[in-house]
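Have a look below at one chain only, the form predicted alone, in C-alpha cells format.
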C-alpha cells in the first residue's frame, strides 16, 4: 500500500511539470493564430487577443489553462473558430488508444513468443529467424512498411482499402464511446467487432513492427540471463518438467525488464502513431494534432493533444511500477 501511495504521489508533480513544459514550448513557437484568423480583418485582432486573455503574462495563462483542465476538463477553445476542443481531442484519443492497444497486443504475442523460443533454443534456426525478424522490424520505417502493406492488401489479396474504423452501414446508435472494439465485445456486437478488426489490422501491424522487435530482443536477453542462473539448474535437478521451469520460474523472473520495456513502448506508440495514422488516414489524435493544430498554429489543440498523450504515458508507467510489486514481492518488501 505504501509502495503504491508513493508512486501515485510522485505522479502528481510530474504531471504539473509536464504540463508547464508543454505549454511553454508551444507558447514559444513562431507565428500567431490571430494573424491567420484575422488576415482580412486585422483591426479585430487586438480585441480578440484581449478577449481570449492572450495578452496576460505566461504564468497567468498557464495557471488558468491548468485550472480549466483539472476543474472542468476544459481544454480551452480553438483559436480558429472558438469551438471547445476537449470533446474532439477525447474522441480522437480513443481511436489512437484503440490502435495502440491492438498494436501492443500484437507486439507482445509475436515478440514475446519469438523471444522465448530464441532463448530456449539458442543458435538454432528459430533463433536466427527471430533475430532476422527483430532486425527487420526495427530497421523498416513505419510509413514505408505501411505503404507496402496497403499495396499488398489491395493488389495481391484484393482487399478494399478504407480509412473508416468500422463499416458505415452498421448500426452504431447504441454505442456510447468511440472504443468500438472493446465496447462491441461488451455488447456482444460481433458484427461490429469483426468489422473493426478488419479495418484496424493493417495499421496495427505497421505500428507494432518496432515494439515487436524491441520486445523480442529484450525477452531473449532476459530469458538467457535467467536460464544461466543456479536456481534454473536446481529446478531441473529436482525433476521439474522443462515447460514448468521455463514458464513458471524463468519467465516470471524475466518479467521485470520485459514489463518495463512494454510500458515504455506503449508511450512510444501513443506518441509515434502520427506516421501510421497519416499513411492509413486513421482518424486518431496524432493526425488531428498535425492537421488541426500544427499546420493551423492552433495552440489549444497542440497543447491539449500532447498533454493527453503525456498523461497516458505517465499513467501507464505508474501502472508498470505498481505491477513490479505484483510480479516480484521483493520490490514490495524493499519499499
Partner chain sequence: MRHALFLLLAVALATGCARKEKKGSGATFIWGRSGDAVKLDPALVTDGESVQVITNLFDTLVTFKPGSTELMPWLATSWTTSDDGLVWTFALREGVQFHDGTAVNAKAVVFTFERQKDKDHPARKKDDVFAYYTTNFRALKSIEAVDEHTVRFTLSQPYAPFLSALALFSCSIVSPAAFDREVDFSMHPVGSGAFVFESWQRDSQIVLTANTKHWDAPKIGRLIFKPIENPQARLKELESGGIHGMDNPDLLDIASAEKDSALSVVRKPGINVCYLALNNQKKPFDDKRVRQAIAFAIDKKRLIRAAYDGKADPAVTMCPRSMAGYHDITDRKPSIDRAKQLLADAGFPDGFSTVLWYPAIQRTYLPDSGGTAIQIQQDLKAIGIDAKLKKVEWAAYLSATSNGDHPMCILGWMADIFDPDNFLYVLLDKDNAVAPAENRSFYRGERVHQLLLQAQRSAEWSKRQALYAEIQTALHEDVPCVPLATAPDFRILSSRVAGYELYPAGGEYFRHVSFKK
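Residue numbers count along the first chain shown, from 1. Nothing here was measured: the structure is a model prediction, and the numbers come from that model. What we label the rigid core is the largest C-alpha set whose atoms superpose within 1.5 Å from one form to the other.
Same protein, other form: the form predicted in complex with the partner chain, not shown, and the subject of what follows.
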*asked:* When the contact criterion is heavy atoms within 4.5 Å, does residue 64 count as touching the partner chain in the model of the complex?
replied: no
Check: Does residue 160 reach the partner chain in the model of the complex, with heavy atoms at most 4.5 Å apart?
Finding: yes
With the partner left out here, check for me: in the model of the complex, does some heavy atom of residue 283 sit within 4.5 Å of the partner chain? yes
- Even though the partner chain is not shown here, does residue 57 get within 4.5 Å of it in the model of the complex, heavy atoms only? no
Contact with the partner chain in the model of the complex, heavy atom within 4.5 Å, among 142, 133, 150, 218 goes to 150
None of 90, 80, 224, 109 but one has a heavy atom within 4.5 Å of the partner chain in the model of the complex; the exception is 80
For the partner chain in the model of the complex, the stretch among 185 to 193, 233 to 241, 97 to 105, 123 to 131 with residues bearing a heavy atom within 4.5 Å is 185 to 193
message = Checking a candidate spot here: are 168, 180 and 287 all in contact with the partner chain in the model of the complex (at least one heavy atom each within 4.5 Å)?
response = yes
For this session: Would you tell me if residue 81 moves between the shown form and the other one by 2 Å or more at its C-alpha, with the rigid core held superposed?
Result: yes
Q) Quick one: core overlaid, is residue 319 moving 2 Å or more at the Cα between the shown form and the other one? A) no
Checked in the model of the complex: CA of residue 318 to CA of residue 64 differs by 3 Å or more, atoms lying farther
